[in-house]
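Okay, so we've got the same protein chain twice, two forms, each given alone as structure tokens, structure 1 and structure 2.
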Structure 1
Amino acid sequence: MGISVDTFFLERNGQGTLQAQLQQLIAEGILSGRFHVGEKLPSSRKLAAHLGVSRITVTLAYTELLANDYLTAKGRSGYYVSENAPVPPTYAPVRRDNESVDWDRAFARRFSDGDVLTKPSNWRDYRYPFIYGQVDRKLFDHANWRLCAVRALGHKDFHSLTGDYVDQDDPLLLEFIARHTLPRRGIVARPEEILITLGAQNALWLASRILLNRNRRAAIEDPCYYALRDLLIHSDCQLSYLKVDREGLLPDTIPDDTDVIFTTPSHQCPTTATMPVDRRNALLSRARELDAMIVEDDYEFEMSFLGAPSPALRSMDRDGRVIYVGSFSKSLFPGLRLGYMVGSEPFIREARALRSLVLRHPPGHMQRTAAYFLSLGHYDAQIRRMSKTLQRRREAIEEAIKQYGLTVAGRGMLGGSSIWMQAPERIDTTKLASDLQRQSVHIEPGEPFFSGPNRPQNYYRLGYSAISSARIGPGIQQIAETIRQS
């Protein structure tokens, strides 16, 4: 029996080359059991005519499937589904209409109750996306990233692509971070003092798990990055909230029984305040007094386009009590999922062991690609290009905010990629955001960043890393008008 050409159907706007789409179509037909062993495929001429593709495309797809043992060729008579092709499922699945598990009993812990900022998945279609932490296609050096990735896919890098690192990291990436990235933050670290993590979130989580338990107290900034608060709540520790002013947290307000202080000195999240050197020294003294550890999230230090970044806390720390967290999510792209932490060797040893238990290691291919991108200078070039653009956008947003009479609650003195805003007290920015959504404007309500029972509802964040300068003014105008009418 032959397979009719009518069962073949290429999707409009399908992904990949026509050959790949066709190959996929046939493979799926076999895998799903629609095409059976011994059935004859349509001739390349017929199928090409039916699909409106060139005959060579069909022939190439058939040849590839022949090499993969999906098809066999019988002389001139054509291509057939091979005996060696994978077999379709043979088990009749059980119906589970009435599951009997009592989930309230089964769960030892629940994790799905945290604050989340809901980013609309179609934010790219928004006319005014004041979204935070997403990549602007025009700012990312996609072409060179691709070249580096292709190099990392080559034969020489076979082991770094495929190998089980167990608890280790890519030595090239470690070395580059130690020799080039950290020295710019004033940090000297040997490879044994660095761990590659699956983004900054992963680093913060590892630190919390090692340094905290139910008998210990962590102090965090208020407002702060909600995902940090969420992970600390789930680490079962005691929590103190530290108000921040325009220079970040106030060291005097750290409670006496604090074991670990989490802070974002470069750009406080979300107020974008930069902590001056004096206050950094005061923070280190206070930590020494308490014998507390500090976890420094060196958030957005790369975005210091308005002035040189201050040295990292870790670079000023003589005791070894600062754990430094860096990330490539903001400077490269969030989907990369690569960050790093720096700490004294005993700490990194524990973090490495814990990471190995939880996930082993970040994929070697992502590490090697990043190592190439960094070492070829593309990273620095990109940061410079980004900084120039962000600076222009920053000027545009400052001007528009002034023009339309909105109120800034916090802006990074050195740069950053967002501004922290305050609406009149009567405004609930969660509702405001949803009203603006209907006008194709995305803003981030501020409430999830605050802790405790009476959270202010009139703050919001405006990101300017994914919106063009030209759109900023009209977008701000929409926000101002919507606030006025609310």
Structure 2
Amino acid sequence: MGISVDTFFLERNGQGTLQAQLQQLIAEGILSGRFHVGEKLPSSRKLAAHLGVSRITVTLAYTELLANDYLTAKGRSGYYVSENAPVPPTYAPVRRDNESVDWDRAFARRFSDGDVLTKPSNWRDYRYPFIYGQVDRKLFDHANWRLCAVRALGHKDFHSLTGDYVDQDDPLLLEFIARHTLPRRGIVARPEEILITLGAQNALWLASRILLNRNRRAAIEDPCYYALRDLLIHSDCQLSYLKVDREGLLPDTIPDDTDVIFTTPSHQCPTTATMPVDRRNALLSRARELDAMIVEDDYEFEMSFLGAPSPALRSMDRDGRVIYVGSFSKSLFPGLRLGYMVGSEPFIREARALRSLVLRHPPGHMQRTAAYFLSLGHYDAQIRRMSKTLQRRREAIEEAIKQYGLTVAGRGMLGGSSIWMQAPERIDTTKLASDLQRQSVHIEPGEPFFSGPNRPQNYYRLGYSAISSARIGPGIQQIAETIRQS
């Protein structure tokens, strides 16, 4: 008995071509055991009529499955499920209705109780998505990225695609970062002083594991990037929280027993404050006095459209005590998961060894694709395009904030892609964010960025990287009206 055409359906707005969807549908039917060895598939004519597609679409799908040994052809009789097709497991799955594990006892430590700012998966459906760190698809050069990815799949780059780098990185990507990216920040580095990471967060984790233990003290900003704070809490080191003002952290508040200082001087996270040069010099002097290391997270320097970026701490460091962390998440896209860290050779040697133990190296194909995208000039073109657009959006959001009487708590001098806001003290912005979600508005509550038991609840962040200029004004108006009604 053959397989009925009623078993098949396609989503017109689904992922991939209709041919690819049909291939996947048949393959999944075989792998799940719904389609059995020897069963006949519907004729291409009958299935095409049922699905409302061309007959050639069905024929091509069948031909591809035939080549992969999922199907077999029997002369003029048609297509059947092949005897060589993967066979689903015949054993019955074990039911675990009465698990007896005491998880409180089993866990040596917990990681799920930290602060996380949830980003709704359907944020693109929001009318007013003031979401931070996401990509506006209209600004991303998808066509040239695809071409670079295809080039990186070529025979010439076979090793970068398939090889095990062990503890090394793509030499083309290292060369571009050393010769092009870092000099923009005033940094001179050899390839031996650069390590590619799975984003900035991976770099921060590597630095914390190498520089800290339970007997050492780290100083971090307050408010700060919440994931960094939770990461350091789990490292069991001693922690000091340093209040920030409109120019970032204050060097003279760093405790005398500090071993490592974590800072975001170019765009303080989340206030976006820019640390002036004289305070950067004071921070370096304080670190030298304490013989402390500095981890500089320069996560958004490419977005300095309001003025030339200040020199990186690493570029001013003559002692080799600054570890510089950069990322392509904001300038390319967060899903790329590529960042880098720069430090003196002894530190990078240890970071390379630790990275190799945990994940060996970031995927070679992604590194080579990024190297092509950067070296062929597509990256610079995208940065220029993004900077112009973000500047227009920044002007629109500042004008709307002023028009509707909202309060800015912090705005970066150089640009960026967000503004730090302060609501009246009576407002809990976690609740405000929930109320606004029902009105198709997304904002990010500020409480997770603060440390300690009595966290302010009336701050919030407005990102403008993924919302069009035309929607900024109406979105800000909606926020202001909801605050007034709360």
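Here the rigid core means the biggest group of C-alpha atoms that line up within 1.5 Å when the two forms are laid on top of each other. Residue 1 is the first residue of structure 1, and the numbers go on in sequence order from there. Please read these numbers as outputs of a predicted model, since none were measured by experiment.
Please match the form predicted alone to structure 1 or structure 2.
-> The form predicted alone is the one given as structure 2; the other form is structure 1.
Align both forms on the core first, then report whether residue 382 has a C-alpha shift of 2 Å or more between structures 1 and 2.
-> No.
Residue 80 C-alpha shift between structures 1 and 2 of 2 Å or more, rigid core reference = The answer is yes; the displacement is at least 2 Å.
Core superposition between structures 1 and 2, C-alpha change of residue 33 at least 2 Å = Yes, the C-alpha moves 2 Å or more.
Quick one: CA shift at residue 66 between structures 1 and 2, core fit, Å?
-> It moves 3.2 Å at the C-alpha.
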